[in-house]
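Presented as structure tokens, the chain that follows is alone, the form predicted on its own.
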């Protein structure tokens, strides 16, 4: 049973940053990934829509015998994680990408941090609420940065356009004096170096991928689910074909990938 895959989903390519980190920490695990490219970005969708998409995708991943489902999307983690736990019950192991980051921040002595994310993630107030509960002495400045996901999905990275958009968002006065910046979207690690460079590498840029991967490893160990068979097979599904998804996937996972389109809505 331990050779069952780890299920991962996101609205597009962002979750590949988490999938890549998992393969670095857990190279013996198989992955089944679903990128909901037909509905991206989730950040401008209603809470009910995100709950519906997340429920259908989780059902799909469990149908592929996933032993764990990782919600590798901040918007879905903020809007749908609690409903997923209720819908699929205690027998399903679910992991989000927000709580591990909040716990990491709680282990640090930070006075002021920034959080950037999609409109849905920021408007939910999830990061603000959880960080203040875990670290009441930390000042949290949150900002919606809705142009970053479509910018990344369209391939505008490491160029003048992306640098201009990043500069416009991060140069706001409210971020002056922050000690850390939380990348509250799994797309954002793709432009992490550009963001770090904007701050002259003087601000800790926190992304969830490695932190979540460590939590995943601990969860698998705790439940005796680590794959020790040596059999590894990764599968990648998308709800709509986009050339850029395949390009990014091949960047993270060298060589050919098994990319399939899956219409799970009918």
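Since the structure is predicted, the reported quantities are computational estimates derived from the model, not experimental observations. Residue numbers count along the first chain shown, from 1.
What comes next is about the form predicted in complex with D-glutamic acid, which does not appear here.
Although the partner is absent here, residue 182 sits far enough away that none of its heavy atoms falls within 4.5 Å of D-glutamic acid in the predicted complex. Residue contact check for residue 149: one or more of its heavy atoms lie within 4.5 Å of D-glutamic acid in the predicted complex. Using a 4.5 angstroms limit between non-hydrogen atoms, residue 31 is distant from D-glutamic acid in the predicted complex. In the predicted complex, D-glutamic acid stays beyond 4.5 Å of every heavy atom belonging to residue 69. Segments offered: 164-172, 132-140, 103-111, 74-82. Contacting D-glutamic acid in the predicted complex at heavy atom distances within 4.5 Å is 74-82.
Heavy atoms closer than or equal to 4.5 Å to D-glutamic acid in the predicted complex belong, across 186-206, to the residues 186, 187, ordered by sequence position.
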